[in-house]
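In structure tokens, the next block holds one chain alone, the form predicted on its own.
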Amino acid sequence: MDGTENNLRLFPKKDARLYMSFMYVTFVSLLVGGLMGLLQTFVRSGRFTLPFNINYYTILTVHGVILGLVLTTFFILGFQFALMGKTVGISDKQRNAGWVSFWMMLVGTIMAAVTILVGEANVLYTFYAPLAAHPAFYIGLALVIIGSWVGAFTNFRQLYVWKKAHKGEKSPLLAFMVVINMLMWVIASLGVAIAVVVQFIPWSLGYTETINVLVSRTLFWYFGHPLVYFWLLPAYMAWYAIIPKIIGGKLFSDSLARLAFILLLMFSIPVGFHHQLTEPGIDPTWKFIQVVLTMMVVIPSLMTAFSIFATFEITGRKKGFSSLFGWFKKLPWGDVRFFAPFVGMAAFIPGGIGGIINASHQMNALVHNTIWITGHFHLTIATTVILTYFGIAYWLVPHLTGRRLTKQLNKLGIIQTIIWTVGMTIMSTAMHIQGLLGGPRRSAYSEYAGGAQVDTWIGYQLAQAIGGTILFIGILLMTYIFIKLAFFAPRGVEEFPIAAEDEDAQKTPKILENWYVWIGITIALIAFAYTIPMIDIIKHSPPGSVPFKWPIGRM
């Protein structure tokens, strides 16, 4: 079966049902989390008070956990299961394991969500100690992580079985990318799993009186930064291997794509200290080393940008556009499957620049606890990543449900992308500027007992409310499009677009699939970056902290 035929062949219903289950949770999370975000911007504008004594930190925690952890993880696992099913296949046992993964994650999500909604876990999505939540919150998080591991090892097994049946063959690029992403996830989430199981659960149950705050935060950020790349790599998968097919082109370079993913695996984990540059108790030398390692991530990011724009130009020139930028004008701007991810790519340029600022020690000191960081987060994750996820959903959901992306839905998708871009531009820009003026993050509206500096913030907070309102309109429209694609669009076959290699493409070096080498280097880098500072942190830690259940935490 050639690639085109395989791209058009629909999944068996039993497979599609599993992949769609992850999508249903994704879009319910988008609606709930988006509503919480809208309410936050209203409260921070100073013109609105939450009804029924609802606490601001409750909606802040729901917004962060539901969008940052639940939406992303469910979308990624559903998308990646579909990629594996399409490229290397899935057996009955593997599908059953996929369901185990789904149900464990869903039960964990419900436990954590209920705990937050009843005011027992107002600890924000970073759940920093000494803020304390109900044990059910931490147990729910542990279930989500373990469920995702079941999904990861199922993906590993899928590729292993395929390789066994195709001895000497190169693994499909997208399957290779999925395994890299899940390897990174498993290695990184070990940190937060240890923190939750060893520190938070016994502490919240009262089995231990105190918690080592610095150790818990260090374990969180050992996980927290690669978490960003766990969100980003599925977008990279689409940019490298899906978008070229949508624009009528071929893969730029299989070898370059694999090398970029290997570098991201190696350099995205041992860098968590750049989130703790203002944290006392960590030797500055190790902060400097991890900042240097952070900057190494720039290399695969630039490789990705080069590869994508080279694909655009080569494809355009093959179609006969010979002028300097003629190929750019003729890209399929009217196809939402391309348009939405492209806007996401464009947003990654200022987002990446902001990331370099955040990771630089001196500049980080200026913006660290300000709403600049929130603006950066919304530019990278809520624009680059989410718009690419939407771009994927426009073809993945109808492919799974046996329906078609009609011209009308495509047009609505274009409108949705524009609405999202306008709303996010207003909100994120206002957050960046207010951050430079000293506006704090993670806080409800306050006049801080007056002051000229505080007066300069209110206009930007009103702008955030306007941007948030526009974004929520975009969420409502996206939810409508999803429902149409899932249940009401005309029956048909929507292509699962996977780009092929050029006939004369160079052979991919076998070393790029030597997992022992790349995993070994990754573990060695982590051991180098963390062993000595962790011993130092544990050896010289101040006394642990008792749980803080007030002013936020458990209300």
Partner chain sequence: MHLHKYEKVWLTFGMASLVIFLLIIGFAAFWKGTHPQSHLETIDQNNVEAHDSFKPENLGLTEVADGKYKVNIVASAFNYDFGVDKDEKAVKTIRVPQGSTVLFTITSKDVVHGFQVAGTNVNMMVEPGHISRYEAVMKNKGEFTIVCNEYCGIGHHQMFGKVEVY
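What you see is a predicted model, and the numbers here were worked out from it, not measured in a lab. Residue numbers count along the first chain shown, from 1.
The following text describes the form predicted together with the partner chain, which does not appear among the structures shown.
- Among heavy atoms of Y57, some come within 4.5 Å of the partner chain in the predicted bound form.
- Contact check for S322: no non-hydrogen atom falls within 4.5 Å of the partner chain in the predicted bound form.
- Residue contact check for H361: one or more of its heavy atoms lie within 4.5 Å of the partner chain in the predicted bound form.
- In the predicted bound form, the partner chain lies farther than 4.5 Å from every heavy atom of N514.
- Among the residues A188, M424, V343, A129, the one placing a heavy atom within 4.5 Å of the partner chain in the predicted bound form is A129.
- Exactly one listed residue, out of K245, H368, R95, R157, brings a non-hydrogen atom to within 4.5 Å of the partner chain in the predicted bound form: H368.
- The stretch from 208 to 216, 161 to 169, 84 to 92, 142 to 150 that comes within 4.5 Å of the partner chain in the predicted bound form, counting heavy atoms only, is 208 to 216.
- Of the residues in 241 to 274, those that come within 4.5 Å of the partner chain in the predicted bound form through at least one heavy atom are, in sequence order, F252, S255, L256, L259.
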